[in-house]
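One chain follows as structure tokens, the form predicted on its own.
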Amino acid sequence: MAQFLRNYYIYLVLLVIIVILSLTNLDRFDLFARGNFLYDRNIINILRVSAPLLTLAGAFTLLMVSGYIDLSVGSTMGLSAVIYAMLAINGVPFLAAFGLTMVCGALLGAFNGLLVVKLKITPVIATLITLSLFKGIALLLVQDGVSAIKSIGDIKMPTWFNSYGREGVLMGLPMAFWVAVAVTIILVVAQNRTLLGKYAAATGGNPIAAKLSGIQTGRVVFVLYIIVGVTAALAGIARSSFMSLGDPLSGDGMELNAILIVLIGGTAFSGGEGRVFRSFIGALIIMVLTVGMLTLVPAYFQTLVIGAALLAAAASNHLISRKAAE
């Protein structure tokens, strides 16, 4: 039973949360009169707003599995959102803007990798530095007197700008969500079927033994930082497209959410253990809770409720893992 719970608890948590939110109707309480969870196509809205975090989940997990962390993902996301908006408003076509923004994300990830791998700066310190650096660049790119890029004089965003994150759909579901699913599938395969996944686990599990066995751990970590940068850029594109503007602060707090989803998914902070798909489910749990609370409880209760639920999930994961190890 303990092994079953350890393997499937995260799916049970998501199911229980959805069932509770779907069946709960608090309209009869004046304090909580905020509607019903399934009202007004809530599921589609959840998938739409979840796309940035879902896109980032897999790459962040692999990096954590290798024993490293990137606290600059929110700033990378914000800077990418600004770059994407700047390209769009200056007449760059969709595919070119999309591709150039992803290249920028890769370069930002590579910069993090250089700081950690080549300069040997502790990952937390290095990415705290770039958290501030990337956010500062994003703020500088936005002209004085405005908080985000959404127009230049009479020039407005092109009509295609919000098709990726808001209006574009495939089989009834948002386009950005399908891209997040595709990214997750690629990274699940990479983790289970490629040397990158195996080397990441070996690097995080026992870096000394990994080096002695011939694994170039520095190269593995450098590649993982680039992948995180690319997915953070994709997340920034999704958020920018959804909001119809380039906000340099649009990624604020994303690093905390990324840490929370890997925690819920059972990834070991010390490295060596973690599953990409579980983090994907963890991201869904966070977003379902967030959107669900918007429909059910006042704003001043939302942080408390979400925090309590996350604490329960983390505690359950720890207890189940300890029980299985005994």
Partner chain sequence: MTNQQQSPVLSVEGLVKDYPGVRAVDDVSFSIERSTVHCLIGENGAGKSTLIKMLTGALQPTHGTMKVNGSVYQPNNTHEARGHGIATLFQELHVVDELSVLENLTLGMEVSRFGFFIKSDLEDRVIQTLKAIEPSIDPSARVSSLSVAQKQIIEIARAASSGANVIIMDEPTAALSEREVDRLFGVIRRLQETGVTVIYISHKLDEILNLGDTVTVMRDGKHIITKPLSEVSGRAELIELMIGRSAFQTHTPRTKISDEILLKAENLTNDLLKDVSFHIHKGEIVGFYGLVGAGKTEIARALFGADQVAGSISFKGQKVGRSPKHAIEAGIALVPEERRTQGLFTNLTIRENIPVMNLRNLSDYGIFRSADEVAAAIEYVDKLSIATDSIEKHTEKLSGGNQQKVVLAKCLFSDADLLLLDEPTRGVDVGAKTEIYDIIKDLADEGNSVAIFSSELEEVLGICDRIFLLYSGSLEEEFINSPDVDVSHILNVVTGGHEGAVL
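Note that this is a predicted model, so its numbers are computed, not measured. Residue numbers count along the first chain shown, from 1.
From this point on, the text means the form predicted in complex with its partner chain, which you will not see here.
- Although the partner is absent here, residue 118 is not a contact residue: none of its heavy atoms lies within 4.5 angstroms of its partner chain in the predicted bound form.
- By the criterion of a heavy atom within 4.5 Å, residue 151 is excluded from the residues contacting its partner chain in the predicted bound form.
- Taking non-hydrogen atoms only, residue 205 approaches its partner chain to within 4.5 angstroms in the predicted bound form.
- Mapping the unseen interface onto this chain, residue 195 counts among the residues with a heavy atom inside 4.5 Å of its partner chain in the predicted bound form.
- Between 131-139, 212-220, 70-78, 104-112, the stretch whose residues reach within 4.5 angstroms of its partner chain in the predicted bound form through a non-hydrogen atom is 212-220.
- Screening 245, 201, 183, 230 for any heavy atom within 4.5 Å of its partner chain in the predicted bound form leaves a single hit, 201.
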